[in-house]
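Below, in structure tokens: the form predicted on its own, a single chain.
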């Protein structure tokens, strides 16, 4: 593999970027991460992602530099890669660091920060125009899902089950209510009102989710409600869409074996999708 990797303040060749056998990220999944989209070299919501990275780290007792420093480092790193003026996906990971293997970590550990740029492979345009299928599964994750942890085994297994079922995503349910997808947030539309589960400890408060709530929906004069959504309501609503950095705004037209609404992308979903395209289109320099 070729390319450049950011490793604790240095930019090194890919083949020289190594993980110590006793790195706690490798041994324990003891760390946090973010994924940021760059359009033609320009970051989209980079500030929000880095602020959340610092927050997630603090929630598991890892002290990081201020978000402003990480933002600057990310921009400088991208300029040194082959994606300086391309659409790219920036993966940022923080591990607690290296120490002799023990569940209890020693005080004063130095975290390890890596950044890796790769292509922002878009979903097929057909998905956005015609919608996708999702399945539902029990939510088997821990109770602090608001932390963007690298411990993703339940998410991985859920995503694999979705792929085996010919679905785009798996939406998880807990105590009769929906929470979120394995790598996305979920919205429904009822009577022109956009509804999404509240940002409790059981969901990750997605950056694209926040963009819909705080920017796109208000600009389109849509009311947004953050309230619990029963599983039954999900199955009988008129419109469903997913949000995420690489998911963008993804219409859903089938849940398990049940068609959503009339089986086509709804008006409100389409308008939010188009507004998101316009927003990132501006970033792309169109």
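Residue numbers count along the first chain shown, from 1. Since we're looking at a predicted model, the values are computed, not measured.
The protein also exists as the form predicted together with a small molecule; that form is not presented, and the subsequent description refers to it.
**Q** What is the one choice in 196, 184, 95, 81 with a heavy atom within 4.5 Å of the small molecule in the predicted bound form?
**A** Exactly one listed residue reaches within 4.5 Å, namely 184.
**Q** Since the chain is shown here on its own, which stretch among 125 to 133, 141 to 149, 109 to 117, 95 to 103 would lie within 4.5 Å of the small molecule in the predicted bound form, judged by heavy atoms?
**A** Looking at the partner contacts, the answer comes out as 141 to 149.
**Q** Given that the small molecule is not shown alongside this chain, does residue 224 nevertheless sit within 4.5 Å of it in the predicted bound form, heavy atom to heavy atom?
**A** Outside the cut-off, so no.
**Q** May I ask you to state whether residue 207 is within 4.5 Å of the small molecule in the predicted bound form, using heavy atom distances?
**A** Yes.
**Q** Should residue 33 be classed as touching the small molecule in the predicted bound form when contacts are defined as heavy atoms within 4.5 Å?
**A** Close contact exists here: in the predicted bound form, residue 33 approaches the small molecule to within 4.5 Å, heavy atoms only.
**Q** Does at least one non-hydrogen atom of residue 243 fall within 4.5 angstroms of the small molecule in the predicted bound form?
**A** Yes, residue 243 is a contact residue.
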